[in-house]
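Take a look at this single chain, the form predicted on its own, given in structure tokens.
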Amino acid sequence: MSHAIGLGPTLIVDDDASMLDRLTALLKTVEGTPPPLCARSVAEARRVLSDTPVLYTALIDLGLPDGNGVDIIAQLHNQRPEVNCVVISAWEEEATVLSALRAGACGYLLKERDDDELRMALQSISRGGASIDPFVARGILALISATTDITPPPSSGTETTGIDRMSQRETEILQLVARGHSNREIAGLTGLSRLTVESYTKSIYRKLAVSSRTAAVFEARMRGLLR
């Protein structure tokens, strides 16, 4: 996100009018965030996007009347990767969460949380954080643990694992990403330029077949690349 404070121009996609009103009210409390644009379907969201040249943040429900919010996330990631996509949904199944993260979502919030919890999460996102509801995060970590127990990485010295395909520098940066450091912070810690760090992170995404920092960490843990 290129702006310093606030969520910037924001799109809310949700077919529940009361939720649109609730999120609009919450966004008023996040400094530097103008009144949001709203859409109640995939088709309407696409029309809004075609008419909106500048967008920083998208808060997207997944269960929409004419499709899945994951399709909007994937479109934004492919066409406008500068937009931070955050899921805000009642769905908390691990497969659904992973689908959204792999499509490019950088956060996942649950509608059932009270206003104070959602406000804090939105403020964290406005400062560059990647907010995932703790309940969702626990479910994903449990899934990762179960997957690792069932399918451990190959131990044969003749086989090549994902970590072997990454350079030492990529592995170092992946570890720092997993600890929650931004690209700017990683640049300071490693002595590299921010552009160089961004180049390394893009290479990591490509090798893990993901499209966001959060998904990269989850995928790396599921493959046993992070301990």
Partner chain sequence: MNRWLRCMALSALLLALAACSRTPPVEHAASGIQQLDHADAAPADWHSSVPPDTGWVPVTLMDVWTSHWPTHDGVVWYRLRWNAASADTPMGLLLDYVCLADAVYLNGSLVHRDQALVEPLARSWVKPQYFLLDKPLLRQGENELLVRVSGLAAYQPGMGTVTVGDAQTVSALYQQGVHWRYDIPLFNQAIGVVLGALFGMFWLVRREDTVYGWYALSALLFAGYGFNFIAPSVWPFASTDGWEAFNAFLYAAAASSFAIFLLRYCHLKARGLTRTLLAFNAISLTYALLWPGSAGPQRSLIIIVGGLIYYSGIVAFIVNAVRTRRTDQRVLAVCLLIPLLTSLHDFLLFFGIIRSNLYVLAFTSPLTLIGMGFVLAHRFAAAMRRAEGFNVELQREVATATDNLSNTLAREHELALVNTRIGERLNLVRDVHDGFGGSLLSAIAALERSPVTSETLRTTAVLKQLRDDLRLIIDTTTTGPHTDLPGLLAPLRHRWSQRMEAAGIESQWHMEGIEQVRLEPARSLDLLRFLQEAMTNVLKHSGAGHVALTLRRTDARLLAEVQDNGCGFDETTHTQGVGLASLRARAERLGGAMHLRSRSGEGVAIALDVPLHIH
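Numbering follows the first chain given and starts at 1. Since the structure is predicted, the reported quantities are computational estimates derived from the model, not experimental observations. For the two forms, the rigid core is made up of the largest set of C-alpha atoms that agree within 1.5 Å on superposition.
The same protein also exists as the form predicted together with the partner chain; that form is not shown, yet it is the one meant from here on.
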If the cut-off is 4.5 angstroms on heavy atoms, which of these, R194, R169, K28, R46, is the one near the partner chain in the predicted bound form? R194
Select from the listed residues P53, P35, G180, P65 the one whose heavy atoms reach within 4.5 Å of the partner chain in the predicted bound form. G180
Decide yes or no: are D16, E93 and R113 jointly within 4.5 Å of the partner chain in the predicted bound form, with each residue judged by its heavy atoms? yes
Thinking of the partner chain in the predicted bound form, which stretch from 182-190, 66-74, 53-61, 37-45 has heavy atoms inside 4.5 Å of it? 182-190
Is it the case that V83, even though its partner is missing from this view, gets within 4.5 Å of the partner chain in the predicted bound form, heavy atoms only? no
Does the partner chain come within 4.5 Å of any heavy atom of I125 in the predicted bound form? no
Contact label in the predicted bound form: I132 to the partner chain, heavy atom within 4.5 Å: yes
Rigid core superposed: A58 CA moves 2 Å or more between this form and the one not shown: no
Core-aligned C-alpha movement of V177 between this form and the one not shown reaching 2 Å: yes
Does N68 shift between this form and the one not shown by 2 angstroms or more at the C-alpha, the core having been superposed? no
In the predicted bound form, shift in Cα separation for H181 relative to I72, 3 Å or more: farther
Closer or farther: how do the Cα atoms of L101 and T201 compare in the predicted bound form versus the shown form, where the change is at least 3 Å? closer
